[in-house]
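To begin, one chain is listed below as structure tokens, in the form predicted alone.
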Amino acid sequence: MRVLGVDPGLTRCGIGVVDGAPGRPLRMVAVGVVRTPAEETVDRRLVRIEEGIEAWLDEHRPEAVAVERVFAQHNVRTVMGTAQASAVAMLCAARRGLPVALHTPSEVKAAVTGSGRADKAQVGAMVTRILRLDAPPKPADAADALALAVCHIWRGAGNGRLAAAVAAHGRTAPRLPPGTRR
């Protein structure tokens, strides 16, 4: 599976592409950042982000897109820009019919480091180790995008099977023969 990870941001939108499958070695395909100038209007910045993401989708042809779920911050202006960039990434994927998964920052940290409270340096170090890179990707937004893709590959398969089981059996657990223990 090839996944495009997006760490949304209005100034720096981290983007990373990872190939792999659960239980198999993962491989970084590409990593980078779409940057927008702070002096531009928000609408122009969003267009630049859209153009950058579209170019990555054209070049790397992912099968899924993993985006960091926006969480509440004290700085409303920052969270608004992040949410807007996140929406652009989801829109670009939806236009192409690609599945989009939202992962929380703590979910991503837990997936790659084992701790949902890991700091940026720990995430960068583990992304470097998992993808067998020579050095942590810079800036941290790029490493976070790769971490999102890794998280999705490792957790997405299980979440997909769970969703399929729920869809097949409704909201209840499948019935077991009498005398069988759960």
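Quantities reported herein were computed from a predicted structural model and do not represent experimental measurements. In case it trips you up, residue 1 is the first one in the sequence shown, and so on.
Quick note: we don't show the form predicted together with a further copy of the same chain, though the next part is all about it.
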| Can V42 be called a contact residue for a further copy of the same chain in the model of the complex at 4.5 Å between heavy atoms? | yes
| task | Verify the contact flag for V47: yes if a non-hydrogen atom of it lies within 4.5 Å of a non-hydrogen atom of a further copy of the same chain in the model of the complex, no if not. | result | yes
| Exercise: M90 in contact with a further copy of the same chain in the model of the complex, heavy atom 4.5 Å | yes
| query | Given that the partner is absent here, does V70 sit within 4.5 Å of a further copy of the same chain in the model of the complex, heavy atoms only? | reply | yes
| What residues in 83-112 sit within 4.5 Å of a further copy of the same chain in the model of the complex, counting heavy atoms only? | A83, Q84, S86, A87, V88, M90, L91, A94, R95, V100
